[in-house]
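Single chain ahead, written as structure tokens, the form predicted alone.
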Amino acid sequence: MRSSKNKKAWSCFAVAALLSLPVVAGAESEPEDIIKYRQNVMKANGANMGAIAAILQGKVPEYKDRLGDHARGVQAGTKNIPALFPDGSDFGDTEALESVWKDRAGFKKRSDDTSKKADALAKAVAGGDAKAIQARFRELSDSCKACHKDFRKEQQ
């Protein structure tokens, strides 16, 4: 009897908690929220690349088993990068250059290349060939740098 009351109470709590969550599906984001989101995605990409570099350089051998996690993180974070820069999100505290919005075809080409390189790195990591992993990581790093050169303000 008591457990039935507990189940009912928990069910009511769960429904109330779900109803209190903000509606995500179908909602339009504010430009400031999109800018913050993309900044967080790019920071995550940088953090994963830094973690991969540290592992590949042998600085943190105890975390070698996390290489795949970081590679998949970059893979996910580089999918459809232009969608992170919709029209009307070219203001505020951003490191993105105007060329992101003025040269959409060039930006898409660079970001697609980065996404393909991230896919290749994740595949190489899954395959376990150390030389292939190093090569794919260098290619991905070069692709990131090329995109930053044309579409991101220089870091101070």
Partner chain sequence: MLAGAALLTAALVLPAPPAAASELAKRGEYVYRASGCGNCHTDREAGGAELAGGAALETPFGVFYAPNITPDREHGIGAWSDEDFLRAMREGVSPQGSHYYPAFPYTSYTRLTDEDLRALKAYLFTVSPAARPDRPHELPWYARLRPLLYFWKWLYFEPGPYRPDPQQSPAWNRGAYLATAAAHCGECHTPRDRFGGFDRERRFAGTKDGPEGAVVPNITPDRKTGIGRWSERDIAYYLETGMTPDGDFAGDVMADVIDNGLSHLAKDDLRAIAHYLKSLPAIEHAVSKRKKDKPGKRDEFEY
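Note that the structure is predicted; figures quoted are calculated from it, not measured. Positions refer to the first chain, counted from 1.
Just so it is clear, the following notes concern the form predicted in complex with its partner chain, a form of the same protein that is not shown.
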Legend entry - P61, G68, G128, G92 - the one with a heavy atom within 4.5 Å of its partner chain in the predicted complex: G92
Inset, instruction - Identify which of I55, A122, M49, V100 has a heavy atom within 4.5 Å of its partner chain in the predicted complex; exactly one of them does. - result: M49
Inset, instruction - Mark I133 yes when one of its heavy atoms lies within 4.5 Å of a heavy atom of its partner chain in the predicted complex, and no otherwise. - result: no
Inset, instruction - Tell me, yes or no, whether D87 is in contact with its partner chain in the predicted complex, where a contact means a heavy atom of each within 4.5 Å. - result: no
Inset, instruction - May I ask you to state whether D33 is within 4.5 Å of its partner chain in the predicted complex, using heavy atom distances? - result: no
Inset, instruction - Output the sequence-ordered list of residues from 117-151 with at least one heavy atom within 4.5 Å of its partner chain in the predicted complex. - result: F137, R138, S141, C144, K145, H148, K149
